[in-house]
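Here you get one chain, nothing else, as structure tokens; it is the form predicted alone.
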């Protein structure tokens, strides 16, 4: 199959799709346009660059435009922003930042992989120096320069999600005094409150000041415009700061698609078929701008996860190359490391299941993930949630020692397969004293839950 493939967006979904399409059909002419100056980088590695564990920002970049062309035969135009899609004329209008002039790029098949954009909260003084986000490598580059000048002593992190927690750890490792502010009643809204509390305990143990149910009203600045404090909405609390990091959530970047008559779904992301095709023939979407079918509820939803984006991109790439491939959906499996603990989840939490209309039963246990005579500290709490009527396993959460992290993948497999609690409790899991327990804690939690049926 010959033809011109154009991909808008040069990161996880777009890069995976372009590479897969070219591999399936080497005769394809594949072009990527990327609004930023870089392609194919790991934004998930940014906190570890800021902490110093990753020595160079370039270590997070897999390809440059030159290496992509030489190694995979794919053209990449960076600092090139797509501004309009003409489905009928099969072309995209772009603006090259260097020339600041419009140009058009023809295509036979198109992938929209425009990703997400950070939510910008309504905070006075948000715009200006020393306030950072982490949606692009350029953000990390600027933040890294600020940390290297040696004048930062105090930091405020606004938002207690995955990225906020990882940045908190990075800043503490850099020797800063850190305050973490979350507007809701708990950190990590993807976990149930009882499990999220264990993460907060670890932060407290590491000297992080955590304030929940608090909103930032204003970022105070000096006469020179530098950050000096963060003022909260209630209580008159003023927190001294030299640097502020903001991550209160993301939303799909869909303005280009919406202006081009590409339909959006109920979640606000681009509506796609199982083949990742939009309502316009020959135009596909994948990644954080596109919807995903939740394998438990069946609902179209947003899952801004790199793993989901990459899988969607692979399916989209195969279809761009003429195959008929399907992306069946996902269960939202994720994990984050916060100092000495990991927090992992898959499927639905108890709270999410109740909101989706399920009547639930759950069980929470604490167990060791290897023999006690090898590591007495290798403990974690495991929570499993099931449908009261059907007995189907709906989700699982694990918080504790890093050795427990991989167990969430077992739970994800069981949830994706639609297993009942009884079926999942019979899984044949590996055991050897240094690396596993005779009774795996996940199985213990499932067996405990099975008694309720």
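Note that the structure is predicted; figures quoted are calculated from it, not measured. Residue numbers count along the first chain shown, from 1.
Unshown form predicted in complex with a further copy of the same chain; subsequent notes refer to it.
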Using a 4.5 Å heavy atom cut-off, state whether residue 326 contacts a further copy of the same chain in the predicted complex.
yes
State yes or no: in the predicted complex, is some non-hydrogen atom of residue 332 no more than 4.5 angstroms from a non-hydrogen atom of a further copy of the same chain?
yes
Given that the partner is absent here, does residue 53 sit within 4.5 Å of a further copy of the same chain in the predicted complex, heavy atoms only?
yes
Can you work out whether residue 65 and a further copy of the same chain are in contact in the predicted complex, taking contact to mean some heavy atom pair no more than 4.5 Å apart?
no
Pick from 65-73, 380-388, 407-415, 28-36: which stretch has non-hydrogen atoms within 4.5 Å of a further copy of the same chain in the predicted complex?
407-415
Using heavy atoms only and a 4.5 Å cut-off, determine which of 315, 203, 283, 321 is in contact with a further copy of the same chain in the predicted complex.
315
Which one, 311, 90, 217, 146, lies within 4.5 Å of a further copy of the same chain in the predicted complex by heavy atoms?
311
Restricting to 426-444, the residues within 4.5 Å of a further copy of the same chain in the predicted complex through any heavy atom are 426, 427, 428, 429, 430, 431, 432, 433, 434, 435, 438, 439, 440, 443
